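One chain comes next, on its own, written as structure tokens: the form predicted alone.
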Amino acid sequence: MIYIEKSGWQGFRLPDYRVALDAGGHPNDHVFITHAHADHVPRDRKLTVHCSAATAALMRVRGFTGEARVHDFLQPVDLPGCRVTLYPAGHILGSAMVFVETDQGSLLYTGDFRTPPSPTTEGFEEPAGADYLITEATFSLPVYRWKPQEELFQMIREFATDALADGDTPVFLCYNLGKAQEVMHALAPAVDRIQIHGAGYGLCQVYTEFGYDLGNYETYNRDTLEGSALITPGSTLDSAMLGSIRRKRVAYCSGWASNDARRVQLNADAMIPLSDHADFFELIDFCKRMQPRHVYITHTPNPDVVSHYLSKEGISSSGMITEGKADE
């Protein structure tokens, strides 16, 4: 059996192999970072870490100054006592699942994942199976079942084109890294100009450098906003920036948009349930494909529903409860 211990807010360690997963703090660990969202990157920005090329680039935009040992997807890395391979996770650009093979068995740590993958990622691939699985379960209830991607993209495009045709500014509330770029990719063939909140502009440049089409975009400029779609975090909803836009329509883009309570809280004109995570049924299907000896469920306040469904499939599971998500 592989011994697993919780480490920090979101991370884990395999102490027998000095491997850390989205965690830092032990000086001799090999630290693997699954992706560049802040809740998965250790607070020490000077660490030596292992990650994908895109994750390294995105972390540097966000202030990382340590050494990034970059690995290609599906190319094993031999470490003392184990072999580690990164698999594309489909969550955001650069996102990876970490597969660890040892004499005590194999372990797959998903980080955050999405299948089918976001079109602004390297795709999604998985190993043939794993003895132990540490998986996120952000959307851990069967009420969460996503619509097909193209249907959601069409909702985004129609919202923007209808608003622009009426002389309104379409505003999309979404997280600056991952969701923002996917919305921009959806809008690219439908609108002439896109503006994005300043904190997201440098991240968009990384996506462009890696070959993803985000349309004709620039950083937010009040004086030239007219005729553009605006991409901005939900935290700006009550800000002076949005308050200064006299004519606007607001769409909230998140998996949580399928929760009716969010509509009341946000007072948005449209709720578009575009998620960077697997829905409940995709999560269960993924676990079934892995056929692990045991599943450790993370990133959910209550793993009991997932465990109940897995038990019906003959899969043993338990919770490793971490704090709520910050990137949806």
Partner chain sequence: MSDEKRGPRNDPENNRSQGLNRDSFLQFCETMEDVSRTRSMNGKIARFAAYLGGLPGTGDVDLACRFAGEGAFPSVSGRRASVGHRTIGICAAEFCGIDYDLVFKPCRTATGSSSETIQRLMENLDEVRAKQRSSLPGLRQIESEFERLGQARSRDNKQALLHEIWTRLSPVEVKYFIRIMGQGSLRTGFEARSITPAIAAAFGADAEQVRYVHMITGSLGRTAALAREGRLHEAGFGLFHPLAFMLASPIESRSIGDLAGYVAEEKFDGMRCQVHTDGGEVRLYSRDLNDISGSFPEVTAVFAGKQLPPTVLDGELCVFRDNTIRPFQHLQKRMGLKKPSNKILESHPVIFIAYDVMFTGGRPVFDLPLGERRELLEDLSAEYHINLTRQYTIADEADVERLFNEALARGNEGLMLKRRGSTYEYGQRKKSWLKVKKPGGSIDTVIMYATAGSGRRGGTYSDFTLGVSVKDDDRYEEEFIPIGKAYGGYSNEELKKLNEAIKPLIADRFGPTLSLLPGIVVEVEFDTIQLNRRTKAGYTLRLPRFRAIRWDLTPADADTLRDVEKLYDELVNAERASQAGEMSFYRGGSRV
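Positions refer to the first chain, counted from 1. None of the values given here were measured: they were computed from a predicted structure.
The same protein also has a form predicted together with the partner chain, omitted here; what follows describes it.
Practice prompt. Mind telling me which stretch in 210 to 218, 167 to 175, 251 to 259, 195 to 203 gets its heavy atoms within 4.5 Å of the partner chain in the predicted bound form?
Written response: Among the listed stretches, the partner-contacting one is 251 to 259.
Fill in: in the predicted bound form, the residue from F124, Y144, F99, Y132 that sits within 4.5 Å of the partner chain by heavy atoms
It is Y144 that has a heavy atom within 4.5 Å of the partner.
Item to complete: Let me know the one among M59, M290, A268, L47 whose heavy atoms come within 4.5 Å of the partner chain in the predicted bound form, would you?
Response: Selected option: A268.
Discussion item. Although the partner isn't part of this model, could you tell me whether V305 comes within 4.5 Å of the partner chain in the predicted bound form, counting any heavy atom of the residue?
Written reply: Contact check for V305: yes, within 4.5 Å of the partner chain in the predicted bound form.
Worksheet item: Does the partner chain come within 4.5 Å of any heavy atom of Y309 in the predicted bound form?
Response: Yes - in the predicted bound form, heavy atoms of Y309 and the partner chain come within 4.5 Å of each other.
Worksheet item: Going by a heavy atom distance of 4.5 Å, is R69 a contact of the partner chain in the predicted bound form?
Response: Outside the cut-off, so no.
Discussion item. Residue-level contact is defined here as any heavy atom of the residue lying within 4.5 Å of the partner chain in the predicted bound form; does P148 satisfy this criterion?
Written reply: Output for P148 is yes: heavy atoms within 4.5 Å of the partner chain.
Worksheet item: Even though the partner chain is not shown here, does it sit in the predicted bound form so that H30, G63 and F73 each have a heavy atom within 4.5 Å?
Response: No, because H30, G63 and F73 lack any heavy atom that approaches the partner chain to within 4.5 Å in the predicted bound form.
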